[in-house]
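Only one chain is given next, in structure tokens, and it is the form predicted on its own.
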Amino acid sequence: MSAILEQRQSALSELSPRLAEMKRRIRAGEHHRFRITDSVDILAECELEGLDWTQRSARLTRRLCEAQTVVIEPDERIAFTRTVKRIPALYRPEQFGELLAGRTFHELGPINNICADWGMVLGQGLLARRAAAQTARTRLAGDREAEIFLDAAVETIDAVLELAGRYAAVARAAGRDDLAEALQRAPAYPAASFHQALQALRLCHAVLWLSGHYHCGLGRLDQYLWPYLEADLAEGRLVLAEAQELLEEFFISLNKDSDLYPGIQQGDNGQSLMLGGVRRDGRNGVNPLTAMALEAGRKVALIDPKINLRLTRDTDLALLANGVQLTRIGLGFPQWCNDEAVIPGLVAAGYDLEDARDYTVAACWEFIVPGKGMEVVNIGAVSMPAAADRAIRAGLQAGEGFDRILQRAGADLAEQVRALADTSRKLLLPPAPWYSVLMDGCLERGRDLSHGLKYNNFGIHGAGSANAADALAAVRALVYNQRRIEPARLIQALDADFQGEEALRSELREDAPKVGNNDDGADELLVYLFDRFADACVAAGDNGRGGRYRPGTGSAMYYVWLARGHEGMSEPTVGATADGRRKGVFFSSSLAPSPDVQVRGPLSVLQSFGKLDYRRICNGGPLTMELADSLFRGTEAVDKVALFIRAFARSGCQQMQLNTLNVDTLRDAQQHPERHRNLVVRVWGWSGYFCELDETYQNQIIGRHIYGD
């Protein structure tokens, strides 16, 4: 364990005074004084020039870049502060109605929840991308659609280069030659240093948000940035301490504008990155930057970037312990991704092996390939509790056997998938010329990203799985096998939300098998539900874009919406259920035992969820556990949790997120938010500040099952 102890000792360092002050200013919102209150209006010029949608999208990027006020704080080495708050509309509401005739937008409309090929962008530089566009335009002369797109892509490149040039000029005038050099070299040319790569990444990533996109991922950061740092170290241009500080500053910079980013809740912004894992050739990709990024996340201790860490059964315990340090301080990340489960699942879903090895995550947990996917990873969710509840009610009322109830549940899931698939085929993806510049093949092919890429799959979440399996298990055990509960009485109790039936509710909750206890009676029903869900996604066929439907084990916000309803939800709210859950009580988030269920412990939870066939459910969705902060008391605590994470990898499970909670602290934060403004919690696939969440989500987090020592 000496390596783990050594790693822990290195983690004792704190932010430098410069960065600590920078972090303080950002959390205090002092940079908001630079923001422009007036909106940028581009509608008039777009209409005057008769621009189409692709041209308008490029004009948006250009005008928003031009409208930025250059802000370089005296202590900054990585510069960019967004000063334009609002993204203007490209069309009038009635015009959008015409564009959408017979079609539908995904979420807010703009392309989101994908990841650029940042390694390609940093390695080529924007001038090379511009040359690729011009070469393609010559080759495709006469193809009007290609000409319009490629001209639009060049317009966005020029806008970003102009913005970088203005920043470089201000830096030079201020005597900041190091920063000016970084801005003049990259992003125009291939980055020639670690500093230049970080600066180019910050600027190009920020322009995605300025272009109206959101949930913009950062991909495999340690893989594409390590060559620059390795070269700097070899040439003596940089020492590790300085590189560490640059990385920490980059992490801090990602938190500047996140309050302007859209999401279900504040913090749900998708600034996710991936660390570790195998390379495209199958060799171990862990490098010194992997540990440095984990250390930066621990020291910065802000909600962005959201860190994911890939591992296998043999991942070094020192690296796991380094990740646990972030969990220990309550950040809710890293999220752990098991290469041994994820990669075979992606290959089974049609991904080339080299691409599958190169996976990252979208905003929360959905597995995607950087630069090669125009995938819509969340077109909705099936409600497994609704499928189970409808099957139970219909089967009991008809006097059918339990096997028939299972068949009904499977058929219900299939119908839910069909409905989602039918709607999804009407999706309209708006053009995205700037995002296209950052992806593989768009410029070369002369087609916008919205036309699709190598992978064009749609993802569907499987929400409330543990509650559904528990309800079915209770009916099989107590109604059919033991005959303790009469069918009519159970239906009446469900209709009455268990009013006057507390004894029956207690039987359902306490005497029936439950997922999370390694009980085959409940777990086989969990497996059954996901198998039927996977079957339904296969049967749904082509998604209209040359892709398939990927089932997943996540729930996103649906664990709340399916229990309490939400505007625009097609699936009705589920009332009281046969697992003893009352109406309005939340379902479990992603993969987790049903709320308030007594389980044997974390290992039995791993055993239950390790029985799923993750080769068939590759859209992602984490096993979610809340750990009491008391687990981290004592010198061996981090090592023990690291060993538990290794057990997770060896269990066959696919993905896991851990949250460190203290209920008393959370309740005090509700009463006295001014004392806890920096308190971070894991919400579903992302971390946010507890006091910025709606009370609904705060209460759900407080009510989660917490594993103690």
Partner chain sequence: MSASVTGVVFDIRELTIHDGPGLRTTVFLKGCPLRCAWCHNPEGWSYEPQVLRGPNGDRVAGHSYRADELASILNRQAPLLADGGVSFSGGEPLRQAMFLEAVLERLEGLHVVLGTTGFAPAEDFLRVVRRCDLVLFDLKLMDPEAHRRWTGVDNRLILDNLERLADSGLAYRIRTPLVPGVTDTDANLRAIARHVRELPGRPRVELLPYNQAAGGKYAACGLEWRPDYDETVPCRTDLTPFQELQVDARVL
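Numbering follows the first chain given and starts at 1. Just so it is clear, the structure is predicted and the values come from calculations on it, not from any experiment.
One more form of this protein should be noted, the form predicted in complex with the partner chain, which is absent from this view; the next part is about it.
S.K.: Would you mind picking out the stretch of 372-380, 334-342, 348-356, 625-633 that comes within 4.5 angstroms of the partner chain in the predicted bound form, counting non-hydrogen atoms?
M.R.: Correct option: 625-633.
S.K.: Within 4.5 Å, heavy atoms only, which of R675, H32, R27, K640 is in contact with the partner chain in the predicted bound form?
M.R.: Of the listed residues, the single hit is K640.
S.K.: Can you work out which of G544, G601, G500, G97 has a heavy atom no more than 4.5 Å from the partner chain in the predicted bound form?
M.R.: Filtering the options by heavy-atom distance leaves G601.
S.K.: Do N518 and the partner chain share at least one heavy atom pair within 4.5 Å in the predicted bound form?
M.R.: N518: yes, in contact with the partner chain in the predicted bound form.
S.K.: Though only this chain appears here, would S651 touch the partner chain in the predicted bound form if you measure heavy atom gaps against 4.5 Å?
M.R.: Close contact exists here: in the predicted bound form, S651 approaches the partner chain to within 4.5 Å, heavy atoms only.
S.K.: Would L679 count as a contact of the partner chain in the predicted bound form, using a 4.5 angstroms cut-off between non-hydrogen atoms?
M.R.: Result no; L679 lies far from the partner chain in the predicted bound form.
S.K.: Could you confirm whether R59 comes within 4.5 Å of the partner chain in the predicted bound form, counting heavy atoms only?
M.R.: No, R59 stays farther than 4.5 Å from the partner chain in the predicted bound form.
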